[in-house]
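First, one chain by itself in structure tokens, the form predicted alone.
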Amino acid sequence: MKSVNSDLAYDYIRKRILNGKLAPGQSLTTKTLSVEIGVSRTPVRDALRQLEADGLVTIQTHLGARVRKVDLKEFREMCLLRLALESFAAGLAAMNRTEEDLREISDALDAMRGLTELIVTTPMDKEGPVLEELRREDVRFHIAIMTAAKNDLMKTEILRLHLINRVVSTPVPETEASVNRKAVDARRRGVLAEHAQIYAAIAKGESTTARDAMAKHIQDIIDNTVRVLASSKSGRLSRPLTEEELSYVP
């Protein structure tokens, strides 16, 4: 049974991994962490084992624990798994959703619609707060669909895979976005249209259409992320997560 100190250590280490303060490949020593957190080494070891199960830490005999690295091949494989599960979840949502589920999905979509129109009229150097709000509503939209699917085990696994995607993915560099502002704005409207298609199919109870619409949406995300990831010198990109994203996985 986990102790309060184990939970404390788990939350501390997990948050520091996700906000970038503990970099991929960085060594995680129980002695150092126990001093930082103010607990004994045993709850730290328990926390590291749980984080290994979550996919955020690797533990090797005689080498100890390290923050997990995700290379391009592994990232592609995780993305394919996420695509299969999340598209299937959208199909289930079309069959199992309640009126309350539809309201939650619709509310998130309406918020995204307003924020998308706002951000395309906002100067690039001032769009940060609007973009963060848009990301929060995007997360809310996807979680609402997973909830509507009524499959808790599937939801947990999708959220874990989504978390890894968020850790690895990166925004379009400001210089590139500035040069291609029209293209970026067009892509944002296109993403909004994809969300609207997913919602419409779920609302109509069209399982196959909802599944296919979600598959196309996730594939577009994967293609864009892999393109940026493959072009990086290290083969890996990361960025700190927002507080909303930190709470994405239970």
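Numbering starts at 1 and runs along the sequence shown. Nothing here was measured: the structure is a model prediction, and the numbers come from that model.
There is another form of this protein, the form predicted in complex with another copy of the chain, and it is not shown here; the text below is about that form.
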property	result
Distance check, R41 to another copy of the chain in the model of the complex, heavy atom within 4.5 Å	no
Proximity of K69 to another copy of the chain in the model of the complex, heavy atoms at 4.5 Å	no
Another copy of the chain contact at A183 in the model of the complex, heavy atom, 4.5 Å	no
Another copy of the chain contact at F141 in the model of the complex, heavy atom, 4.5 Å	no
Partner-proximal stretch of 114 to 122, 129 to 137, 78 to 86, 101 to 109 relative to another copy of the chain in the model of the complex, 4.5 angstroms, heavy atom	78 to 86
Stretch 131 to 150: residues contacting another copy of the chain in the model of the complex, 4.5 Å heavy atom cut-off	K150
